[in-house]
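Take a look at this single chain in C-alpha cells; it is the form predicted alone.
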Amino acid sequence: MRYLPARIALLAVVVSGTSPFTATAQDSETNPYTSRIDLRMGRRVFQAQCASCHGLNARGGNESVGPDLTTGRFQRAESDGELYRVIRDGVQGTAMVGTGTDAPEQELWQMVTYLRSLTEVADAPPGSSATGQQLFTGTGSCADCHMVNGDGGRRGPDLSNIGDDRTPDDLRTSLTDPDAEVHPRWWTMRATNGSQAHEGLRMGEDSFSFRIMDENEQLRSFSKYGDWTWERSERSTMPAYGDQLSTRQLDDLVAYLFSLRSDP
C-alpha cells in the first residue's frame, strides 16, 4: 500500500460513525512504545506531518481542517490498538486515508503515545513563575538567546509556547543537562583559516558549503573546499544550570517556562 502523509490519517479520528475494525486484535494489543523518549518522538512526527490539519498542539480549531485531538475522546478508537489502526488504516467512507502498512510501526505507536499524553494534565511545578520570569530576563540571561512572544534573541529555540510541549521534568532536564537532546537545527560549526576563526549556529549545510549565524546574529557562508577548515559540534551551546542556580531558582525558572502555553 502506498505510504501517505500521516496528517491525513488523523483527520477523522474523532468524526462520528461506525468503526471499520473488529474488536479482537485491537483489544488484545498494547502500546510497546510509551517512554518519555517515545512521547517526544511521537510529538515530532505529529508536528511534522499532522499539524497542518490538526494544529501544532493537536487542538484543531481556527483554520485547522482536522478536529481537536486533545479531549481524550475518540469515537472510533477507545483502545490504543484501535487508535493505532485508525492512524494506519484510515476509515472507509470518510475523508480519512490511513498511512498504510508501509508506515513504520514504531512511529505510529509513538504518535499514539503522544496523543494519549495530551489529556494528561501535568502537576504544576513548585516555584514562582513571576520570580522565574525575572530570572529569565535578568541574571539568568536566558533572553539573550531565547525569544518569548517576540522579545529576546534568536540563538536558541523560541520558547513562547514551550509549556505546551514539555513537562516540568523535561524542562528541568533541559536546564541541567542541555546536551541530553539537541535538535540538528541548534548544532554549531566552526570555520578556521590561520588566525581567523568564526563559530556559530549551523543555519545550512550541504556537500559543498555551510552557513552559520555568529554571536552577533550575522550570517556567514563558507566553502568546504576552500582555504577554510571546518568542524561541526552536535553539543548544545546552552550552559548547564545545575551548578549555577540553586534548587529554588531552578524551581522558579521551570515554573515560568511551564507557564508559557498557547491559549486553549
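Between two forms, the rigid core is the largest collection of C-alphas that superpose within 1.5 Å. From 1 onward, residues are counted along the sequence shown. Because the structure is predicted, anything quoted here is derived from the model rather than measured.
Below: the form predicted in complex with heme C (HEC), not depicted.
The stretch in contact with heme C (HEC) in the predicted bound form, judged by heavy atoms within 4.5 Å, is 51 to 59, chosen from 51 to 59, 225 to 233, 191 to 199, 204 to 212. Interface residue remark: residue 181 is counted as part of the site for heme C (HEC) in the predicted bound form, having a heavy atom within 4.5 Å. Interface residue remark: residue 133 is not counted as part of the site for heme C (HEC) in the predicted bound form, having no heavy atom within 4.5 Å. In the predicted bound form, heme C (HEC) lies within 4.5 Å of some heavy atom of residue 174. Heme C (HEC) is not shown here, and in the predicted bound form it never comes within 4.5 Å of any heavy atom of residue 32. Taking 128, 161, 106, 141 one by one, only a single residue has any non-hydrogen atom within 4.5 Å of heme C (HEC) in the predicted bound form, and it is 141. Within 4.5 angstroms of heme C (HEC) in the predicted bound form, the stretch 228 to 244 places a non-hydrogen atom from each of 236, 237, 238, 239, 241, taken in sequence order.
When two forms of a protein are overlaid on their rigid core, residues whose CA moves 2 Å or more are considered shifted, and residue 213 is not one of them between this form and the one not shown. Superposed on the core, the two forms barely differ at residue 191: its CA moves less than 2 Å between this form and the one not shown. Once both forms are overlaid on the rigid core, the distance between the two CA positions of residue 142 between this form and the one not shown is under 2 angstroms.
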